[in-house]
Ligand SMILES: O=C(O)CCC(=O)C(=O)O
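Next up is one chain by itself, shown in structure tokens, the form predicted alone.
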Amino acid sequence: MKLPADTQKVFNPDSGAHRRDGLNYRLTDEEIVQFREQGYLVLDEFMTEAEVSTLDHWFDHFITGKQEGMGRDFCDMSQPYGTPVEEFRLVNAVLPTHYCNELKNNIYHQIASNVASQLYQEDKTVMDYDQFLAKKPGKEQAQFLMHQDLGYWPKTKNTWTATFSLALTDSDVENGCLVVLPGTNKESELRAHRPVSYGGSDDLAQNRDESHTLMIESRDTDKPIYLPVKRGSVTIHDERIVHGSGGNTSDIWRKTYVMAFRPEETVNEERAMGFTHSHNDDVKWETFIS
């Protein structure tokens, strides 16, 4: 994923450990407005080192393929299903709390749930899905092409989402940190998404059954920014903002724990459609946003 040379980096210097009160990370009114208007937030020192370290063992357990019975939920998001584990570049373990009872209601879940309820006060929010992601060192193709999360999901009455990405390692430009297009969440129409052929990032697959990765076409007016974060910090983005991340050209891993929150009624609506965010779902793609 190539970005303009003048792409900016964004930080939030006012966030930090001083905003924590027990399991509550207090948001400011300005941050809530930014999330709604721009589609993203950066919160530094979201969790302490002691708290983050409780997740490391389980992350490594899943990312190294030690959890049995996952099927397609353990895969490489940059290559076709069935790619040998030793050839993985962008390692994906989706729904770890579904497969591991010890991870349910973990400390990250509790803090993120509190923040999600501050961002969305109209109804009860619940965790929709979680995901472990790891980019191996020196893997330039371990990238997520620019997309909108809503392009992957079924049509629901209320699409509101807050997706948290917790850095388990420092995340920067070199190892493929998150890149967003601020304000694209306010575009009147979702951008057209197309399935990617694994023969090359510019090729298209015939349909979603051939590819579990989607991409959009860039526009000359797009102004991307990087969101680098330190271990223990998070980025939060909504379901409509255009975002992605580059490959890992560094000599260190990039490790991320993703957790998405949505209104309880939306999650119930998804489940009634048979959609759980599992790659093992038997999905009727024609019911999805295209």
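None of these values were measured; they are calculated from a predicted model. Sequential numbering from 1, following the sequence displayed.
Same protein, other form: the form predicted in complex with this ligand, not shown, and the subject of what follows.
Legend entry - One residue of 144, 160, 88, 108 in contact with this ligand, assessed in the model of the complex (non-hydrogen atom, 4.5 angstroms): Spelling it out, the residue with a heavy atom inside the cut-off is 144.
Legend entry - Residue among 128, 73, 149, 76 with a heavy atom within 4.5 Å of this ligand in the model of the complex: It is 149 that has a heavy atom within 4.5 Å of the partner.
Legend entry - Answer range among 60 to 68, 238 to 246, 223 to 231, 34 to 42 for contact with this ligand, defined in the model of the complex as heavy atoms within 4.5 Å: The contacting stretch here is 238 to 246.
Legend entry - Contact of residue 252 with this ligand in the model of the complex (heavy atom, 4.5 Å): No.
Inset, instruction - Look up in the model of the complex whether residue 178 has a non-hydrogen atom within 4.5 angstroms of this ligand, and give yes or no. - result: Heavy-atom contact with this ligand at 4.5 Å: present for residue 178.
Inset, instruction - Look up in the model of the complex whether residue 133 has a non-hydrogen atom within 4.5 angstroms of this ligand, and give yes or no. - result: Although this ligand is absent here, residue 133 would touch it in the model of the complex, with heavy atoms inside 4.5 Å.
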